[in-house]
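First, one chain by itself: the form predicted on its own, in structure tokens.
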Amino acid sequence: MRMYDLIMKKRNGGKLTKDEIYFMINGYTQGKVPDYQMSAMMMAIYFVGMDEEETLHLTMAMAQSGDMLDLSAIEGIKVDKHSTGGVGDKTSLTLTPMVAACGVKIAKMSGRGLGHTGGTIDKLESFAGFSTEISTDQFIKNVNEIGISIMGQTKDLAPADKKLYALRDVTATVDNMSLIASSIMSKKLAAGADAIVLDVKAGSGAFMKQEADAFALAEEMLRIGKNAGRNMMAVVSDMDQPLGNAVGNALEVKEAIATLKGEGPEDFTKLCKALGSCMLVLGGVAKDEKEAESLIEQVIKNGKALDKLAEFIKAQGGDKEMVYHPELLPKANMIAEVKAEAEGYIQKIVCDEVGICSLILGGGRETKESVIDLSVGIILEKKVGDYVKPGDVLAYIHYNDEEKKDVCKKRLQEAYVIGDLTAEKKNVILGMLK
């Protein structure tokens, strides 16, 4: 088998076999297939596409290119969740303890963020002493004993995807549906869960800007998961404005804690309940979404969801007192108001711009080596559909650097589009797929 022949076959509209795809992925992972040939193949796939069978084989080849986590030592159904990411997306922080408190096992691998804010791990490190650097044995023990554990992604989890994504990033071949779906699902399948719930974002702050594309990606990933023998559900959610009110690591943790106490923003709470309901149905503890939502509301009301977060934080070395006293979490030295300069309804918040402001303040990473400031970020006081007058506070900037604050203040003001027309408050849940 020669890579040259496979490139020509795909370029001419042919279908790659399972053996050919495994040959290509294994060869590239091991350094036997050079970058220039894989670049040519990615471009051929970009223009010609892959069918359902090819996409599944590509996903499985990438998943099997490294370690496949064996979770068979964990009793019961293991459910995982994946979000395609966005601005203010702190869902895992609230969702996982909420679902674990209802009796579903959560064994999750998460990464660090590269972009607007930190990833789930960075946010969790707002709790003093917390670590995801735990052994697989400890990971499994924690899930069996308390129902939840989150560990860092190892370098040996789907290494082919890591290598391939870096190549696609510099060869303009990122935005192909099969390549995006197989990239995400290869890591999820390698992580070993029995069931997976997907949160696919649509809007200006998401990877998929158009709703139709987000639904298409959700359907593609559902197909891959089901073909690989996993139970799957997906929620398509709005990311045309930041999720909740907080953007920034410790600020998002505080909002996640407030939500576990039943005091969170309406949109964020609604999304957590929708995703949690899917996880409870797939986990076998509820017969349908209505019963599942009732169970979630119960663990919020009786405090079990909050206690589960404290238990989880303590089990991984963190200070659980911070869960009950969020004022102990990292705090910026200064807070500045961003005020409206016009009267009217907020028509739009340019989501990406809010994320970039958080990045400028130090809340995210521009490179892998960047050090995150966990204390900084933005609290949105007004959102789409709200009526404002000049001088009303739109947002608060939590900062440690005067110069960075000044840059952000101007950008945040410009991110708010205010007009005379009444703006409809969009539902955060755009659809659910099974």
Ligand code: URA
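What you see is a predicted model; the values in this text were computed from it and never measured. Sequential numbering from 1, following the sequence displayed.
Missing here is the form predicted in complex with uracil (URA); even so, the following discussion is about that form.
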Notebook entry, point to check: Is every one of R168, L179 and S183 within 4.5 Å of uracil (URA) in the model of the complex, counting heavy atoms?
Noted result: yes
Check: Though only this chain appears here, would F207 touch uracil (URA) in the model of the complex if you measure heavy atom gaps against 4.5 Å?
Finding: yes
Notebook entry, point to check: Contact between K187 and uracil (URA) in the model of the complex at 4.5 Å, heavy atoms?
Noted result: yes
Checklist line | Candidate stretches 128-136, 227-235, 344-352, 160-168, one within 4.5 Å of uracil (URA) in the model of the complex by heavy atom | finding: 160-168
Item checked: Residues of stretch 20-39 in contact with uracil (URA) in the model of the complex (4.5 Å, non-hydrogen atom) -> none
